[in-house]
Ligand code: SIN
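What follows is one chain in structure tokens, specifically the form predicted alone.
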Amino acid sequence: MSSIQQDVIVVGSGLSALLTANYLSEHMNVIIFTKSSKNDNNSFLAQGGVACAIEHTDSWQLHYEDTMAAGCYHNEEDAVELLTKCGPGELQAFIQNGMQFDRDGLGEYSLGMEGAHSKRRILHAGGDQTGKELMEWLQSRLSKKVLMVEHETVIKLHVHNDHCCGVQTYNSNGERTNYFASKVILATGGAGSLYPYTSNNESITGMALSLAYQAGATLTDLEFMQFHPTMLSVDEKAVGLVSEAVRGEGAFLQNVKGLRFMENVHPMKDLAPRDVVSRAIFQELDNGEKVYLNISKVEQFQTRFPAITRLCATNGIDLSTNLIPVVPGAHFYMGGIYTNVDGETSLKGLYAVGEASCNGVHGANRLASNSLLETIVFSKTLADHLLKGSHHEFWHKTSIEKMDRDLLQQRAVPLPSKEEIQHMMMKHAGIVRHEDGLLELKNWLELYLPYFKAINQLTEILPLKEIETIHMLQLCYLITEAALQRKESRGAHFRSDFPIAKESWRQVRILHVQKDGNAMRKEKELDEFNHAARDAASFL
């Protein structure tokens, strides 16, 4: 097994990974690892655009309030302020460097409207292909000093003296290699592929979050998985995303009877926060109805939304009917590796950015089109922080732990398939949750606890598919524990056995324990919900 030394290791291939690597490459040697190809990531799939208060009647304060409200006031206020204040300047720097956003006939930016926004503030590119346009622009500008390694999966984080000092990878030939660096950055996206219906690239399983947990880093807010209301539904499968921007341009939801069911659900109707719309659709589906997005009021639909038009054509959807069949799907993970706004985790030497991280900016429910803005703002703050800091060399040769027969005998229960994991998560930890279902899911996941306990040794001998399955199961277990502990309904976490929390309450964010078993809790100013929040703040 070979070993290679670098200054910085970045894991991931999306916007956060490339931006951070590009910023750092001027002063450091940077290597990027991605488990698939450079285009297999969620950033390439992002349709809606970038939310940013650049119009003269808009302000960062209004954007801040919309973000807080959508997040059910579970957000970290400092992170939200930084996002909304710095976003316009960072986006302007992109524009000055050649990034083109769509404009109208007068040369003004074509600002879109999406759910839970009080203003039209969504910049888009290529109609509904903003992520693709941003990624291709950035890839064309990526420093030649950044080495990108495709089809090589990080399967372990090396830790020495409580400092993350490198990774072990597994390539397409089944070869394992150790890489060492003083800084390891996880920018791998969320965990949408833990569910059968998802807008995410199929490679996004949350494995990096489980790796971080195994290495000793803290995870937080794992109960908050946002389901996008409108995935294109074909033959009871979700085959692609239908952007919220479509509703922003006048489309509305209806059932097969023509009933516009969002009319009496929320004051913002079809543009209500995503958790509200997803639950309303879920209720219709649970009642045996089919749900459609009616696009009859959208002007020049095929021109404004070319990617969605192609998606529909590919799947045999006749747009002349003005009806697109939809179903909710796992979309964005508000939880993740606990960081501050500089991307620092609780483990020295380990950093996280983008959807893999959780600095509290999204709260319990992400505001539409804040995700691309998050990558733009916090990739810069992370890079600036690292460039200001001192550089330390770490070189630690790891030893392979031998696996004894007793440990092998504990692997009596065969690992489940990815599809079985997805089915169990959707059934019991999906859009609507209940204690009975969560306990059933927890009991099922506990069958695989021996794998979690032996994961470091198993990583040395198992093929990649089985390693990834174990990490999926471990993250599912942690999500289930978090969902059981939050005894309320808030944002994307909806418990049918508990009421919806008052939006005015400020609550302690539940932080997972580290591997040493010491519970961690971040204190915030509390009001009447103080005691209930504290009771839920530690577990495992």
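All residue numbers are counted from 1 along the displayed sequence. Quick caveat: nothing in here was measured; it's all calculated off a predicted structure.
The following text describes the form predicted in complex with this ligand, which does not appear among the structures shown.
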Checklist entry - Do Arg366 and this ligand share at least one heavy atom pair within 4.5 Å in the predicted bound form? => result yes
Next on the checklist: Given that this ligand is not shown alongside this chain, does Leu241 nevertheless sit within 4.5 Å of it in the predicted bound form, heavy atom to heavy atom?
Outcome noted: yes
Next on the checklist: Test of understanding: in the predicted bound form, would His124 fall inside 4.5 Å of this ligand by heavy atoms?
Outcome noted: no
Next on the checklist: Whether Gly48 contacts this ligand in the predicted bound form should be assessed with a 4.5 Å heavy atom distance threshold; does it?
Outcome noted: yes
Item to check | Non-hydrogen atom within 4.5 angstroms of this ligand in the predicted bound form for each of His428, Arg433 and Arg495 | outcome: no
Checklist outcome for this item: TL;DR on 313-321, 341-349, 367-375, 132-140: the one with heavy atoms within 4.5 Å of this ligand in the predicted bound form is 367-375
Item to check | Glu76, Glu114, Glu468, Glu152 - the one with a heavy atom within 4.5 Å of this ligand in the predicted bound form | outcome: Glu114
Next on the checklist: Need the contact residues for 257-274: heavy atom within 4.5 Å of this ligand in the predicted bound form, sequence order, or none if there are none.
Outcome noted: Arg274
